[in-house]
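Okay, here we've got a single chain as structure tokens, the form predicted alone, with questions on binding and movement later.
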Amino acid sequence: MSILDNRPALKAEIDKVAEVAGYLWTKGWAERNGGNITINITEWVDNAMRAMPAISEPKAIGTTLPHLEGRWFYCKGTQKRMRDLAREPMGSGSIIRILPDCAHYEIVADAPVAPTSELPSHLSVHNYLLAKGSPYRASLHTHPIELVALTHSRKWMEKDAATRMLWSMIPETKAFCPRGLGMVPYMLPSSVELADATIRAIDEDYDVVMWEKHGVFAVDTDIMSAFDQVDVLNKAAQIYISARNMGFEPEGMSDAQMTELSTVFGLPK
């Protein structure tokens, strides 16, 4: 019996995770066990769930996150593959609850699958989002090929250089990703420094943050929306790279065209 049985709202959120995991694998953005997903599921936790015993000993997060007291999360498991999560999300992930000390968690269901090694980074971002009063409940880390390729050039690592170029490739990019793409210089994966830099970038008002030569970290109201932002940005990168492969530098939309788009759709200028 699964914790999702007779909990249709919670199951719907986990089903979105499975659907996104399948997209990530199909697109080639989730080689082997690459990438991670963590969603705050607290609003779908009922009293019966709260009374459930843990199926693991308390585990240290590695830091104290005061805004996560009593919160519940679904997390992809460590060393688990997205292609497996797509077929069986509760076999390749687990539901955890944060203990009152805000420094430990325990696994509640369905199986004692240890969460991703990047859990402290993901939870640190969720702690920040809750402190800010953000409606965002999902975080996604993945390796979109064309966006990662851009970060191998200093030119695109300059602040908002990639954002301006990506916005100009196709109108939908700015319409659906109006906050653009934040850039974080290379740092050791899973490090506290990378987590802190990601939070600083989100604090600058980015929803999608690029980790140099590594991948992206995206946050949004649910996991499908987070995926959509990355998908749209990577499509713009594909258009740019396709034009370059055809032997020319794409001119992109003009500043006047971008301003008109922003005015008509009420987007930030």
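When you see a residue number, it is the position in the sequence shown, counting from 1. All of these numbers come straight from a predicted model, not from anything done at the bench.
Not pictured, yet referred to below: the form predicted in complex with a small molecule.
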(message) Partner absent here, but in the predicted bound form, which of 174-182, 105-113, 160-168, 140-148 has residues with a heavy atom within 4.5 Å of the small molecule?
(response) 140-148
(request) Only one of 214, 235, 59, 27 comes within 4.5 Å of the small molecule in the predicted bound form by heavy atoms, so just point that one out. (result) 214
(message) If we define contact as a non-hydrogen atom of the residue within 4.5 angstroms of the partner, is residue 134 a contact of the small molecule in the predicted bound form?
(response) no
(message) Test of understanding: in the predicted bound form, would residue 77 fall inside 4.5 Å of the small molecule by heavy atoms?
(response) yes
(message) With the partner left out here, check for me: in the predicted bound form, does some heavy atom of residue 153 sit within 4.5 Å of the small molecule?
(response) no
(request) Answer for residue 40 alone: is it within 4.5 Å of the small molecule in the predicted bound form, judged on heavy atom distances? (result) no
